[in-house]
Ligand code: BEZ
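Encoded as structure tokens, the following chain is the form predicted alone, with no partner shown.
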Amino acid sequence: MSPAFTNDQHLNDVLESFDHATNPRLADVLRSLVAHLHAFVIETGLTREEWMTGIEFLTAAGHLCDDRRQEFILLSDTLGVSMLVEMVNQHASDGATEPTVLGPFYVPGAPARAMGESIAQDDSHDDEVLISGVVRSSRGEPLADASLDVWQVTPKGLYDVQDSTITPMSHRGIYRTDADGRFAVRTTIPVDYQIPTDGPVGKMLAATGRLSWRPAHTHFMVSYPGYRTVITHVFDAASPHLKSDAVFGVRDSLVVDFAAKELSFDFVLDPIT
């Protein structure tokens, strides 16, 4: 009788199947993914029923993905993977702005806004705040005509793509710095909000006793040619959820006092090396 085919032999067969890939990076990523997945199955003693539950979970996540919602990004966020990808890719030097997650509700193509213009395009609000500062390099040079892509939930705690009663592209805008690297963004004071809980990610959080709240924040994507684009947030120091962010995105250096209604925050970019 021939000896039983082993787990290691099976893994080796799968890894060898990528040997003729025309994209070496794709082959390396898939080999690593397969090795970790096989190790996970063995380590946990994954049952057939658990495997099928996982398949059904991913299928349900896919059904919720469209041009207005990205359940897989939400899953990545809540498992801490999105934050880790930013940390691995940013390699921020001491003093450079720390990154955080893109989030599932980023929408490209936001309208250009003038210096100091509000991104709130619905009714005017008394709870507005002015965020101003300088975009500069980690060497201290101001970066003129840098781009700041800004987005945020409305005072209702929803993004425009979540609520058909909100003006499209409200609480979104792209600003440019002046000749001295200065910018000024006006918005409503951000509010704490819950990530969507009506899908498989929400069920996962409930099943594991986790909160679905995000601390109040304003999103920024700051870019300049020749420098690393930083995807980050500015968080409200008054939020009770800073220590329990559902997507693990809070960093102390990004927490500011929105209560002052006018706050200063500089963005510091590292050059691409």
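Quick note: we count residues from 1 along the sequence shown, nothing fancier. Note that the structure is predicted; figures quoted are calculated from it, not measured.
Although not depicted, the form predicted together with the named molecule is the subject of the following passage.
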item	value
Contact of residue 247 with the named molecule in the predicted complex (heavy atom, 4.5 Å)	yes
Contact flag, residue 135 vs the named molecule in the predicted complex, heavy atom cut 4.5 Å	no
Distance check, residue 195 to the named molecule in the predicted complex, heavy atom within 4.5 Å	yes
Partner contact for residue 103 in the predicted complex: the named molecule, 4.5 angstroms, heavy atom	yes
Stretch in contact, per heavy atom within 4.5 angstroms of the named molecule in the predicted complex, of 34-42, 236-244, 56-64, 210-218	210-218
Non-hydrogen atom within 4.5 Å of the named molecule in the predicted complex for each of 86, 222 and 224	no
Within 4.5 Å of the named molecule in the predicted complex: residues from 1-27 (heavy atom criterion)	none
